[in-house]
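Next comes just one chain, in structure tokens: the form predicted on its own.
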């Protein structure tokens, strides 16, 4: 019988309750034990998300950034972002549940909007009234249609060095969340976005252009708006992070 490749060999996962590090994770771990008047705003997050947050969001701390989060629940997450990023940050939460409106102005820099994340009209209103956003976190309904519609509808308006985080992408593997058609999930959608990032290298003969100094290159090299503005697409356990940064034509040389 042929042996399984080493990377496909079954191995046990560790039973570790502590799965991240850093100040934000400590805030989460101590949340329920806080004695201030805000402590009853429940906070629900997966433990392994916090290292990802620290990696991608630490640079926004202490700045006048704008964060948009889909999924308000009990308001605790909005408070956590306000505490982590600082009072200069503007925090906007969106939820389809009208009861979440009670958390509007929970802190001076928090705004709550009631609306459907899969509605382009709602997304356009968020951009017009509260954007542009440096950070967008999709922790909303988690269906394929919601995740894809939210990404497609708002990503272009994220600031040029901003971040879009789609959480709970394990739902891409749960049939009850696959409401966007056969084989259409946020995971698969992100894979197609990676293909877009590399279309400039096709056909292979075009690589000769990238060895030519910029001033000597004829015409313009066209690509999609997504490819022209995206620096990286990073996959984590149950999370996809899109980092924006203006791209230039590739250039390779010996020195």
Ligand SMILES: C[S@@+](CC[C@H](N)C(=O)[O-])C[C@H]1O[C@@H](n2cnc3c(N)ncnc32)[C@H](O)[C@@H]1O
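Numbering follows the first chain given and starts at 1. Owing to the predicted nature of the structure, the values given are computational and were not obtained by experimental measurement.
Another form, the form predicted in complex with this ligand, is not on view; read the next lines as being about it.
(request) Decide whether residue 116 counts as a contact residue for this ligand in the model of the complex under a heavy atom distance cut-off of 4.5 Å. (result) Looking in the model of the complex, residue contacts with this ligand include residue 116, since a heavy atom lies within 4.5 Å.
(message) Contact with this ligand in the model of the complex for residue 109, defined as at least one heavy atom pair within 4.5 Å: yes or no?
(response) Flag for residue 109 set to no.
(request) Indicate whether this ligand has at least one heavy atom within 4.5 Å of a heavy atom of residue 94 in the model of the complex. (result) Yes, contact at 4.5 Å.
(request) Considering only heavy atoms, tell me if residue 59 and this ligand come within 4.5 Å of each other in the model of the complex. (result) No, residue 59 sits far enough from this ligand in the model of the complex that none of its heavy atoms falls within 4.5 Å.
(message) I need to confirm a contact call. Of 211, 44, 225, 198, which residue comes within 4.5 Å of this ligand in the model of the complex, counting heavy atoms only?
(response) Filtering the options by heavy-atom distance leaves 44.
(message) Between 153, 71, 162, 131, only one gets a heavy atom within 4.5 angstroms of this ligand in the model of the complex; which residue is that?
(response) Of the listed residues, the single hit is 71.
(request) Tell me the stretch among 82-90, 133-141, 154-162, 170-178 that has any heavy atom within 4.5 angstroms of this ligand in the model of the complex. (result) Every other range fails; the passing one is 133-141.
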